[in-house]
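Single chain ahead, by itself, as structure tokens, in the form predicted alone.
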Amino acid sequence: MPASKTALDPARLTAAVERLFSVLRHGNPPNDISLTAASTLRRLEREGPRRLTELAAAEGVTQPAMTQLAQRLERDGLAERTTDATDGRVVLVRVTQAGRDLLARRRAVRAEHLTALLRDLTPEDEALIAAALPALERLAP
């Protein structure tokens, strides 16, 4: 692999991503769900139904905490618990259409917020960000 002309500084990238995340978070809709709830719904949307134990491990929370979160999501109509078709003893959590709709609204609000921020960039900076998108998407599949 050829050496790049500019070395990537992981600490600088981390700081920039953290600041960008903070800015985007301020663009969340009013009365928004928690970050863990949003992350869990995104995971269910992307990966399909999952066991509570799998969700807890993937989200870095305890199983009791994930159980409480799943109950709240279910109560709010954003997720539902179902039994596994291959093993009736296994309970799976899946995102509902209302959960998908909420995620779509969150993305739209954040995209609108980001669009306003991008207006302040030069065309060169926009091109650099566009060029980096494929690599960033590979970092967080």
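Residue indices: 1-based, along the sequence shown. None of these values were measured; they are calculated from a predicted model.
The form predicted together with a further copy of the same chain is left out here; the points below concern that form.
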Contact of Gly60 with a further copy of the same chain in the predicted bound form (heavy atom, 4.5 Å): yes
Partner contact for Arg81 in the predicted bound form: a further copy of the same chain, 4.5 angstroms, heavy atom: no
a further copy of the same chain contact in the predicted bound form: Arg50, any heavy atom under 4.5 Å: no
Any non-hydrogen atom of Val91 within 4.5 angstroms of a further copy of the same chain in the predicted bound form: no
Site test, Thr115, Asp125 and Ala140 vs a further copy of the same chain in the predicted bound form, non-hydrogen atom cutoff 4.5 Å: yes
